[in-house]
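Coming up, as structure tokens: structure 1 and structure 2, two forms of one and the same protein chain.
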Structure 1
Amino acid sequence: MNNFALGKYVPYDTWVHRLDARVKIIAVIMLMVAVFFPLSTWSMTLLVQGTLLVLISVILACTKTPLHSILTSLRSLWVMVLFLLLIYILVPKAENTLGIAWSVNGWTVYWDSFAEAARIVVRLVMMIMLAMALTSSTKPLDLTYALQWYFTPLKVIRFPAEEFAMTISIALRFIPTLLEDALRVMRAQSSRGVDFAHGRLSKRIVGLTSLIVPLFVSSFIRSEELANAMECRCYDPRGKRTRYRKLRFHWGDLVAFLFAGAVMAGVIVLSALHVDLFALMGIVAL
């Protein structure tokens, strides 16, 4: 529970932390686009994705997120990785560019399948790293304000941008509270002999109920209290709101924005024009 790495803001003061939340969101989206763009050959994929991986690792290192926390969040992905590998090996692939891994009784598996599975895993890892860099360096409230800013033009078509932002910020605000509640109930039930990690499945299910039911009860109580408190402060969802802390755009933000944009544009160009740098340089591609 405590190594809940994704989504936890860590209050350092790095240049990533100081970037405008709006820029960070759009930059993360652009880099994700770059990560997910397909490339023509495997060697190019290796080159581009490798560069991106290094780039994203550097960004994440700049936020001072300990790299082993990535491994922790990857641990839960294990099952998925195995499943992916299995699917790619069982389902025959038409293309053969990397050679045959094995061929038994007409069941032919190309190395492409492994490469494909690896590519998906690396993409996922990069996506998680990007999300981690964003959430660990941005206060949840700033994220919400940034989202609200992006949704403001939608007000023209009567999209409730402010209510939407309020809902998200309440949800975000209560993640640590509910986590704390969960930990508290977990501690209480463990001292009554519940073992959440080991034991028979049926026992563990009962153990889980002993955690979930109190959590439901307390979150309902909390939501009622919150609703009352908001009423008491005359909350009006349609009211116009001002803000103490305003998001500000600095020249550093522009640089970050342009850089992420350039990366995305570069990858798109490489992908769309089927550029093969290795062929251009006269190296025979895989």
Structure 2
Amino acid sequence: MNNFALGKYVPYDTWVHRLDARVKIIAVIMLMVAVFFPLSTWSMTLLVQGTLLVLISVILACTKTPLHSILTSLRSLWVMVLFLLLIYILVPKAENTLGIAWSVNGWTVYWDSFAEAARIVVRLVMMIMLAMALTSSTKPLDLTYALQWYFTPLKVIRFPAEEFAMTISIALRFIPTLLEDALRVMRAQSSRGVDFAHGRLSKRIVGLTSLIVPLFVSSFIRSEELANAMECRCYDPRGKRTRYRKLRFHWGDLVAFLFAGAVMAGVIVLSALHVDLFALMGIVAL
């Protein structure tokens, strides 16, 4: 859990770090739209999702996030993989274009079930990687300022923009802290004889209870300490605040914004035109 990178800022001087936080937020949103936008055929899905996975991997590598941190963050997805695969096997789609994988005593399993589960898992992996790229290359204070900037128009309807932005930034900041607390409690309980990995289901539930209760207590203590620290510094979310460092747009921000927009627009166009990869290859060959 110490290697969990989501929510941790990695202080490097890369082109991703130098981008404006407001641009990074909107770029991540546009890339997520491209990731989750449906495509008409499996061939185009494989091509587009593979291209996006390579692109997002390059962006994440540019933030210099350690590879072991990425793998640790994605390690818990295997439960999601098994769950999705079971759901798609038990409840197959009405149309199965990839054929039958095997059939036993009238029970048919289609290749589409495996493909659907893999597609959703790859999308979740790319979403986590984009969130890691955003949080590891953006200071929490800059992220708060960027969210406040986006929520400013909502002040017309008395929306608490500053409070909402501060809440989101604090939640992202405390994800690795809570995971470190969970690891500390697990080690303490393991030294007292609690086994989280073996034994009956009832014993595991009791073990999880011995983990969850101290973790909640620790979270409440940390939240109270944070509230006291903010009050001691006279923090007033409704007060007029000045900023030492202001966010400014640069040419690199415009390039990043246009690139993310082009990627999203390209995926939407491919989805709207119902382009097939093999037909496209035939046109190119001619």
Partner chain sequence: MPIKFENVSYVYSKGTPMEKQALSCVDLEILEGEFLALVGRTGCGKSTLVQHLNALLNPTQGTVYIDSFVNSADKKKRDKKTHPLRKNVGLVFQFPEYQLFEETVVKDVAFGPKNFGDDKETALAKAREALLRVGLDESFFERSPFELSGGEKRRVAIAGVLAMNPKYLVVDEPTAGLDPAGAKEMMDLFRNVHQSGTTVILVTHDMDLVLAYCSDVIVLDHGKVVKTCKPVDLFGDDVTQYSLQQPMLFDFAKSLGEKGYSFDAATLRDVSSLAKQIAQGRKK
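It should be emphasised that the depicted structure is a prediction, and the values quoted were computed from it without experimental measurement. Along the sequence of structure 1, residues get numbers from 1 upward. We call the rigid core the largest set of C-alpha positions that still match within 1.5 Å between the two forms.
Novice: Pick out the form predicted on its own: structure 1 or structure 2.
Specialist: Only structure 2 fits here, because that chain is the form predicted on its own.
Novice: Rigid core fitted, is the C-alpha displacement of Phe174 between structure 1 and structure 2 2 Å or more?
Specialist: After core superposition, the displacement of the Phe174 C-alpha between structure 1 and structure 2 reaches the 2 Å mark, so yes.
Novice: By the 2 angstroms cut-off, has the C-alpha of Leu258 moved between structure 1 and structure 2 once the rigid core is superposed?
Specialist: No, shifts by less than 2 Å.
Novice: Can a Cα shift of no less than 2 Å be assigned to Met186 between structure 1 and structure 2, given superposition on the rigid core?
Specialist: Where the cores coincide, Met186 still shows a C-alpha shift between structure 1 and structure 2 that is 2 Å or more.
Novice: Could the core-superposed CA displacement of Glu231 between structure 1 and structure 2 be given in angstrom, to one decimal?
Specialist: So the C-alpha of Glu231 has moved 5.0 Å between structure 1 and structure 2.
Novice: Core overlaid, Ala165 C-alpha shift between structure 1 and structure 2, how many Å?
Specialist: It moves 2.9 Å at the C-alpha.
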